[in-house]
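Only one chain is given next, in structure tokens, and it is the form predicted on its own.
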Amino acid sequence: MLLLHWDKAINNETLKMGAFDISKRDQAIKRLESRRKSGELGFMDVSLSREKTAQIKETVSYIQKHGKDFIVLGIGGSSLGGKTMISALTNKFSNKGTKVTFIDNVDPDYFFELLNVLDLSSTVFNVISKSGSTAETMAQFLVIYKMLCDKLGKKEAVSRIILTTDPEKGALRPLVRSMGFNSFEVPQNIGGRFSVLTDVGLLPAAVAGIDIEGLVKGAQDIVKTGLNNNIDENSVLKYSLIKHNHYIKGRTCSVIMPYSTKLADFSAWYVQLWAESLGKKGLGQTPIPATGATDQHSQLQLFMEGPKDKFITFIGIEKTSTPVELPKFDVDVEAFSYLSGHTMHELIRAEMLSTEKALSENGVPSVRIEIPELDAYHLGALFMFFEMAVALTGEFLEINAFDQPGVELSKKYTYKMMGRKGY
């Protein structure tokens, strides 16, 4: 499963207690479990029923039959998780199968660069908005629907757009009933940034050929121990306590640094999860995305010798299917000949472990999370690990990790500036 390693700056006494006593810790776990049992928090109960699996498989068959391209229109939690799955578990350089692309902004230049090269007759779109009022996504929807109607006719346009939205409410659900759009659901008790293992992320993943059963199983196995108050058996609790104890000691920036280019989008997903969940009431860690070893050559100088406000989370992959051997060169060059006989996998792990050691010696605390390999099961486990960790941290800080009032205020101002009635 997931293995945690922490540097020598974090001793067992700090881990178990620190400035946070055991009774408060246990109360936080009980509050979270109570909210789950009440049905308020659905993200810990993700599953794949036979009916849901059949619906996804049937839709994937339709998409693969009619589309060389599958375009996902959504923003924030409606795109970051799915995008992470695609980049982590598929070959971005391959031209085989249906290509899955995420368009998560209303930058007109970028949007029309895509539209100008798409063959609409072989493209299927997935519009994701729980409320149906997400301004950016609805703007994209209006453009796409009009273009499809003009080229293919209204009936065919409807068949080429899949709506993923609230199962009962919102602005899009009536369109499903009245116009016949194929639809999937965003569960009412799961917020956008926690929705990666619902229809929001699983449908695009399935289109790309990813093992969605494995994703869900990995997440479910994390949940089994994630609310256990025995710290020796609960890696989520252990990680959350370590971060919380360092946060209250001034480590207000949380760096996420997977040593894998294929997990670079996971860092972006984490940033939304950590920022939007915990940035309230003057509290919260500022999340910083990084990728190893790339950012050793950009951000590491700041982490090492900048303000002592950083806490680093490394993510390592123990085994890869493509280690890539480093051959000998024709001439013995001291500057790089030492690399011969090793593999790229050895090198990137050495980079990670060396960076971890150097930071520790410079007084920068870190935790390293290791997964045996990058596959659907372990990616699902990573998603749930951090979702549960942020929920637990919210309880430690006594804030609601599941709302986003600051984001809502910005939305209201946008509605007013664009002329929406009532704003």
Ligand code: PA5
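Values in this document were obtained by computation on a predicted structure and should not be read as measured data. The first residue of the sequence shown is number 1, and the count goes up from there.
Heads up, the form predicted together with this ligand isn't pictured, but that's what we're talking about next.
- Only one of S131, N234, Q220, S87 lies close to this ligand in the predicted complex, with a heavy atom inside 4.5 Å, and it is S131.
- Put simply, of T98, Q299, S260, Q272 only one has a heavy atom within 4.5 Å of this ligand in the predicted complex, and it is Q272.
- Listed stretches are 108-116, 288-296, 252-260, 131-139; the contact stretch with this ligand in the predicted complex is 131-139, by a heavy atom cutoff of 4.5 Å.
- Among heavy atoms of A157, none comes within 4.5 Å of this ligand in the predicted complex.
- Interface membership of G77, defined by any non-hydrogen atom within 4.5 Å of this ligand in the predicted complex, is confirmed.
- When contacts are judged by a 4.5 Å heavy atom cut-off, G226 does not count as touching this ligand in the predicted complex.
- R193 belongs to the set of residues with a heavy atom inside 4.5 Å of this ligand in the predicted complex.
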